[in-house]
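Only one chain is shown below, in structure tokens, and it's the form predicted alone.
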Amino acid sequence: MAVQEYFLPQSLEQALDLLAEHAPALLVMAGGTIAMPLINEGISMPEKVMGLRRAGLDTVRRENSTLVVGATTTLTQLAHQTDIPMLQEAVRHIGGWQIRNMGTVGGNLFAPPPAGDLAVALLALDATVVLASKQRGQRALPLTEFFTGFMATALAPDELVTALHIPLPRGKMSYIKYGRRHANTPAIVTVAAHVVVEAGKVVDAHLALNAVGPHPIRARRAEQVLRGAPLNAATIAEAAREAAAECEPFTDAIATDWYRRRMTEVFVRRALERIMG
């Protein structure tokens, strides 16, 4: 059945009103780069759709030591910010310019692996996602708690993603996406690392992976290997092995699970070596 009703709210309040009235039958989208192909191919057949393009959620601003990014900010808009270079690097690896011009920061959180390569950078930056509901107001949730399974999140049926709060990093960052080609290709593995070194030892480490699990993940055990140790070749090799051991790769048309796990070790090592160097 074709879409019967299309709503275009002019504010967040209007959007939450519509969601409260029509959920869970209402499909919410912004850029439509994920939803529209499914609708056009008849895989998804919603009767009601709400677009968020005019809801006022497309701003990027700095608040003290935090970058606040609205959920409908396009990937192209995000690429123009200069506070966090790793976000610019991540955006450059997402699709072509058409996708980046339409795709949004909030929408990219819902891309199934091996897509969704912005989320892996956000995880490494310890981002927080802001959710809003008409009945319950706003709540802030660490992005590490947002993903709950394959195509599953902690978003309630009456909630919208409204913004992401990203602490400005104080250490060194590295982002590597490995695919069969250099551009516009699904990832075999994507690695994002944020490491803080003081007095010759790692005092904090965030290591995130994509395309090697049901959703973008933090490599917690590998982070523990790094913390408190010198960032040298031996520590990096151990952390890379641990990251490969704790990921949950899958086999698809792009790569086997064995190959994804092997490349996880290789590219975690390379990402950390960049920081060491």
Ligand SMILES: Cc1cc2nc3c(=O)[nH]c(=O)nc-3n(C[C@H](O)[C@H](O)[C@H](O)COP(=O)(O)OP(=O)(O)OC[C@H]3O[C@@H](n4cnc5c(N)ncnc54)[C@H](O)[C@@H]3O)c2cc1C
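Start at 1 with the first residue shown and count on from there. Everything numeric in this text was worked out from a predicted model, so none of it was measured.
There is another form of this protein, the form predicted in complex with this ligand, and it is not shown here; the text below is about that form.
Per the 4.5 Å heavy atom criterion, this ligand in the predicted bound form is contacted by stretch 67 to 75, the sole one of 67 to 75, 194 to 202, 165 to 173, 135 to 143.
Contact check for Ala244: no non-hydrogen atom falls within 4.5 Å of this ligand in the predicted bound form. Although the partner is absent here, Tyr178 sits far enough away that none of its heavy atoms falls within 4.5 Å of this ligand in the predicted bound form.
Contact check for Gly32: a heavy atom falls within 4.5 Å of this ligand in the predicted bound form.
This ligand is not shown here, but in the predicted bound form it comes within 4.5 Å of a heavy atom of Thr185. Leu27 is the sole member of Val225, Val60, Leu231, Leu27 with a non-hydrogen atom lying within 4.5 angstroms of this ligand in the predicted bound form. Using a 4.5 Å cut-off on any heavy atom, the one residue of 130 to 158 that reaches this ligand in the predicted bound form is Leu155.
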